[in-house]
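Take a look at this single chain, the form predicted on its own, given in C-alpha cells.
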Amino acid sequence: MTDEKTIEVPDEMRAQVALTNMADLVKGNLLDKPYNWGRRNSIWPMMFGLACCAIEMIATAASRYDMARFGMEVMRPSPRQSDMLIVSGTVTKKMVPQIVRLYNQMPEPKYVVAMGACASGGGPFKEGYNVVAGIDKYIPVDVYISGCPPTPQALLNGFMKLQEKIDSQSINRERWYDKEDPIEALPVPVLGPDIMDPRDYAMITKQAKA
C-alpha cells in the first residue's frame, strides 16, 4: 500500500501484489467488509443489569449458550471499554440519569439493546409513577427484544440482528468518522419531583409561564 503512482511491479508479482492507497480503499468501500467483520465478532457488552432480564442475560453468558461464538463473551466493567449496552430490566426514573451518563462514556461506535418488555416500553409497570415507558425516550436503541423476560435464545437472536446491522454500515456514511459533524453527548436527565429531560426545558418554561 502506497501513495506513489509510478511504482513498477515486476510481471511475476502482478498476480500477487496490489498497490493502492488508503484514500482509494475508503472511497471505494473496500474496507467496509473486513472492518465490519472484525467489529461484529468482537463486541464487548457492558456488565450492567437492572432487573429479572439480567438473570437471563447472565444465563446467556454462561457456558450452555456460549456467547463466545459471537465474540461477545468479554463483559467489561467499564463503559469506556464497551461497545454494547444491554438495558436488561425495568428502567426507573431514578436510574435513567445513570444510564444516559454511562451511554455518554462509551466510545463510538456503540450500540444499545433494549432487552425485554420493560426496557422497550415499560412492560407491566408502564403506568407506574416511577417507571420510564421505554429507554428509547432518552438514548437511541438499535435492537428491541420482546419477552418478559426474553429467553437466552431470544437474546442471542438479538445479537445476530445487531451483527446484521453492523454488516450494513459503511465508513463513508457513519457519523462517527465525520470530523465535520462531531457527535455530542446526550443531555443527562434531571431527577426532581419527576424526571426532566433538559431538551424539554424550553417547552416546560413556556407552559409554566402560560
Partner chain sequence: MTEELVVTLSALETRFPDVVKKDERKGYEGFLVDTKNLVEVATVIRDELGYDYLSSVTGVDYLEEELLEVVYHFYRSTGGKSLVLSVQVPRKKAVVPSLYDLFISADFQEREAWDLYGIKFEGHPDLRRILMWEGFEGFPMRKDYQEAFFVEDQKPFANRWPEGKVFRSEDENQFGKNVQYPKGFDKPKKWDPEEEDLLYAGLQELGKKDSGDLATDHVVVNMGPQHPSTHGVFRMAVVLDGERIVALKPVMGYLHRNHEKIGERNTYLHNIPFTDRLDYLSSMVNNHGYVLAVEKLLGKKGAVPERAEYIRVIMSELTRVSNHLWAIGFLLNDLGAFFTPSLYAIEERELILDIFEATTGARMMNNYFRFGGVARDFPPGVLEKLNSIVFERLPRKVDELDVYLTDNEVVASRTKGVGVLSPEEAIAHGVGGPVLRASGVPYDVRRADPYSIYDRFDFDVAVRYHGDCYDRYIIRIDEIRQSLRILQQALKDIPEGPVLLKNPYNIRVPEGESYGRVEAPKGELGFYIVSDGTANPYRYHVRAPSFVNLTALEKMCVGQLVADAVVVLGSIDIVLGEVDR
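This structure is a prediction, so every number in the text was calculated from the model and none was measured. Positions refer to the first chain, counted from 1.
We do not show the form predicted together with its partner chain, though everything after this point is about it.
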(request) Classify P107 as contacting or not contacting its partner chain in the model of the complex by the rule of any non-hydrogen atom within 4.5 angstroms, answering yes or no. (result) no
(message) Using a 4.5 angstroms cut-off on non-hydrogen atoms, would P140 count as touching its partner chain in the model of the complex?
(response) no
(message) Can you tell me if Y111 lies within 4.5 angstroms of its partner chain in the model of the complex, counting non-hydrogen atoms only?
(response) no
(message) Considering non-hydrogen atoms and a 4.5 Å limit, does its partner chain approach Q81 in the model of the complex?
(response) no
(message) So its partner chain isn't shown here. In the model of the complex, which residue out of I183, I58, L30, A68 has a non-hydrogen atom within 4.5 Å of it?
(response) I58
(request) Could you tell me which of 170-178, 157-165, 30-38, 50-58 sits within 4.5 Å of its partner chain in the model of the complex, going by non-hydrogen atoms? (result) 50-58
(request) Taking its partner chain as it sits in the model of the complex, which residues of 62-77 have a non-hydrogen atom within 4.5 Å of it? Please list them. (result) A62, S63, R64, Y65, P77
